[in-house]
Every structure is written in C-alpha cells, then in structure tokens.
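Form predicted on its own, single chain, as structure tokens, below.
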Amino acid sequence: MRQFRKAAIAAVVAAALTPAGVAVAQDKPVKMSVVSFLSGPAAGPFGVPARNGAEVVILAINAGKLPAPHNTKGLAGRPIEVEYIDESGGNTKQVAEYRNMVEKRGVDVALGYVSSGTCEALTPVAEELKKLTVYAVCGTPRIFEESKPQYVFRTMSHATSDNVAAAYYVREYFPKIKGYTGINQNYAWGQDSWRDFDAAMKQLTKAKASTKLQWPKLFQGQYSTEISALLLDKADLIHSSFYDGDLESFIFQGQTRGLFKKKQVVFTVGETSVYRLNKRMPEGVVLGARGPYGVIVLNRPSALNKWFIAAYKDRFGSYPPGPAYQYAQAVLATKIAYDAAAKKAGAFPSQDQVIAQLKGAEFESFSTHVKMALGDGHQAITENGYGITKWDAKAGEVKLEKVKFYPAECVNPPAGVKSVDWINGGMKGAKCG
C-alpha cells in the first residue's frame, strides 16, 4: 500500500509538470468582483439592473457568445469567476470590503461602484494595493482631475458631460427660461452636478440662478419642505441629479403637489426610473441617462446592441435601463483590454500589460463609441443627450420627444483641463458640430 501511495503521488506530480498540467494552470479563472447597490434605496432603480447588466455580459463572455469581434471565450481565454458584492453600508464598509477581497480573496479585477463618495474613498486604496479597478458609473470628475491614478479607470463620462449637455438642451428647447434652481443630494455627486450645470447655464444662457438651493441628505426620502420651497421659488426650471429611490420618492411627492405642471424639471439621471414608473413618470420632464444608455433614450441598430437588448430581456424580462448598459460597458472594456494584452504578449497577460491596453483605449460599446481620452487615458468620454417625456397610450409606454445628442468633444473638457476651469473659461475648444 505504501508503494502504491508513493506511485500515485509521483503520478500526480508528473501530471502537473506535463503540458496537460500546464493547460490546467492556464484555465485558472480571472477573479472579478462586481460591486453595486443590492439592497437599500438605490438597489431597485439602479444597483440591481446594473448588476444584471454585468451578469448578462459575463455569462456571454464565459460561453464565447458575445457578437464578433468579442466572441472568444473568457478574458484572454480564461473564464471569469465573479463575486457580486453589495455597495450599501457607506464608505468605511466599502473600503474594508475592498481590502478584504483584494488581500484575502485574491480578486484580479475590482469592477463596479455607483456612488461618487465611495469611489473617492476607494481610489487611494486601489492605488495603495496596486489593483486594477474599473469604475462603471460613479460620476464625480474629481477622481482623475485631483489625482493621477495608475490602477483605476472609469469607462463612462463623468458628471460634467451630463450637466453641460443639459445646459445646451435647455438653451435650445427652453430659450425663454428666466431663472433656475436645483435640488441635489448633498455629497460629491450632487454638489459637482449642480456646480457644472450652474456654470454651464451662466455661459450659455441669460437665465439667473436661484440663491435658495435645496440640498437634502442622500437617501432622505421625504421632501415636503424642499418641494414647498421649490414651488415658492420664482425660478421656472429645476435641475436635479437624483438617481435612486430618492428620485422616485421626489417624483411621487412632487406629482401630488403639482410640481411638474408648475415648473420645468430636468432630471440628469431620470431614465433609471422610466421602466419602473412607466405611466407614473410625469410628462414634459427633460430626461437624461448619463449618456446614450437605455432603450428609451437611444436604440442603435448595431449587432452588439441588438444582442444585449435581447439577452437582457430574455434573462430578466424587461428592457435594459441605463445602469445595465453602464456596467455591461465596464465588463466589455475589461475583456477588450485583456484580449488585446494577450495578443500583444503572446501569452496570458500580466496586470501591467492589461492596464497598458486599457489606457487610452477606444472602442464601440453596446450603445456608443467610448474613448479613454481624459485622466491620462484612464477616464472615458462619450456623447450625451436628452429628450422630453411623453406617454404613448397606443404603445403603452413612455417615449421621448425632441431627443438631441451632443458629441463627446462638445460636453467634455479637453485632456489636462479641469472641468470647472473649462466651463468657467467659456468651454474653449468644444467641438459641437
């Protein structure tokens, strides 16, 4: 028996050193964490659809079923082993979770994140741990304008694009607006959104900003006092970057008070709730999706987009909203970088080789062209646009009228220029066509 055991152990060791053993090593999965709000007020309208968008693409990548030219299996041939993590709980919890998944669970790629505050807290930690981190959403421009991360990327435009495009849209479709105000969540996302919209409005219109801005807490949920103040304000336009359960609560409470009939409202992230609210979405609202995301905003007839819409609807029974597109885009960007790095290296790539390929990358995503043009090649730019809500009784769904898109180089600052400086300086170099 001792001789048999020794022979068996020797056979196992020998097998591990054979080409077949090497092939097994090459099949070692790429561990990816996908972090999004899976509980709490942001989960239903944003976090869960975002997670679902990532899942659809990850499953297709592992099966080699994405449309060409992305129809090879895995990341550089290796399958993705994914762990879905809840973003709820605040920055301290997320920093601890990030450290745990990198240092203890051996994650190769950290992907996701919705909250701007979370991303601000995580960026220095990602740099400290030297781990490839791909932000799918979080909007504050500060991440790549106030530092130069080497391991962190964001694969969609930041909030400046949303708010400059909104100001252009207001100038074009509501030229008689005399005054504007805002209700935005009182943290990095809301503050930056209002800052850029206000600055762009000052450059593009003669409308006057209100001094009575509303700054409720994140996830506050109740807005009776704020709605009263908005109704009393002489400003005839309201800007809001609400995106989660706060958005839907504000809509319901505002409708009860007649807010949307008395004021023109601009929701920079309003598309996230269209599928959930359907007929309850107020008409005449200016609606954005933080770019060309969501079927209601833009349905490009590309093979990649047709596939994504069908695959998402088949799995989850609904059309993919903006957050699903945004997370799917982050996963696709990661695959493109891994595959390109492997092709260049002639072998499975190192993290540094993947980073080199993602830096400055340019590719067609599910619904738009993505260019990693800012932040020394770590920050994406895309086109951005808006439309006005209208209930289509015949179709039984909300439609958008007067949809207008603005080119990426029109609504994003040039490389090396801070957003606020660019806007306040007259948006020099903007290419609006």
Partner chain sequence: MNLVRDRTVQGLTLALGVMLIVSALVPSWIVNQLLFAFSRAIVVLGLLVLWRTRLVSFGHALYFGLGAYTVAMTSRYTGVNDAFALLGAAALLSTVVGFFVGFIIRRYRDIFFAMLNLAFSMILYGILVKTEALGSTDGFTIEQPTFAGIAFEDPSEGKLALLCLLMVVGWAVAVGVQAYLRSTLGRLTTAIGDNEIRVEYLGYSAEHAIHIKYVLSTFLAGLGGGFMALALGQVDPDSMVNWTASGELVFVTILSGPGSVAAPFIGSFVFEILRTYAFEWMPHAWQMIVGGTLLIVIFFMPGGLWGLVSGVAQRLTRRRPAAAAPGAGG
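Note that this is a predicted model, so its numbers are computed, not measured. Superpose the two forms; the largest set of C-alphas matching within 1.5 Å is the rigid core. Numbering follows the first chain given and starts at 1.
Note that the form predicted together with the partner chain isn't included here; everything after this is about it.
Residues placing heavy atoms within 4.5 Å of the partner chain in the predicted complex fall in a single listed stretch, namely 38-46, out of 404-412, 38-46, 58-66, 391-399. Shown alone here, Gly117 lies within 4.5 Å of the partner chain in the predicted complex, counting heavy atoms only.
In the predicted complex, Lys234 stays away from the partner chain, with no heavy atom inside 4.5 Å. Residue contact check for Ala96: one or more of its heavy atoms lie within 4.5 Å of the partner chain in the predicted complex.
In the predicted complex, at least one heavy atom of Arg51 sits within 4.5 Å of a heavy atom of the partner chain.
Contact annotation for the candidate site: Gly89, Glu103 and Ala188 all lie close to the partner chain in the predicted complex (heavy atom within 4.5 Å). With the partner removed from view, the residue among Ala340, Ile85, Ile355, Ala311 that has a non-hydrogen atom within 4.5 Å of the partner chain in the predicted complex turns out to be Ile85. Comment: the partner chain is not present in this chain, but in the predicted complex one of Arg142, Lys263, Lys131, Arg171 has a heavy atom within 4.5 Å of it, namely Arg142. In this overlay on the rigid core, Asp108 has a C-alpha that sits less than 2 Å away from its partner position between this form and the one not shown. After superposing the rigid core, the C-alpha of Leu129 moves by less than 2 Å between this form and the one not shown.
Phe316 is not among the residues whose C-alpha shifts by 2 Å or more between this form and the one not shown once the rigid core is aligned; its shift stays under 2 Å.
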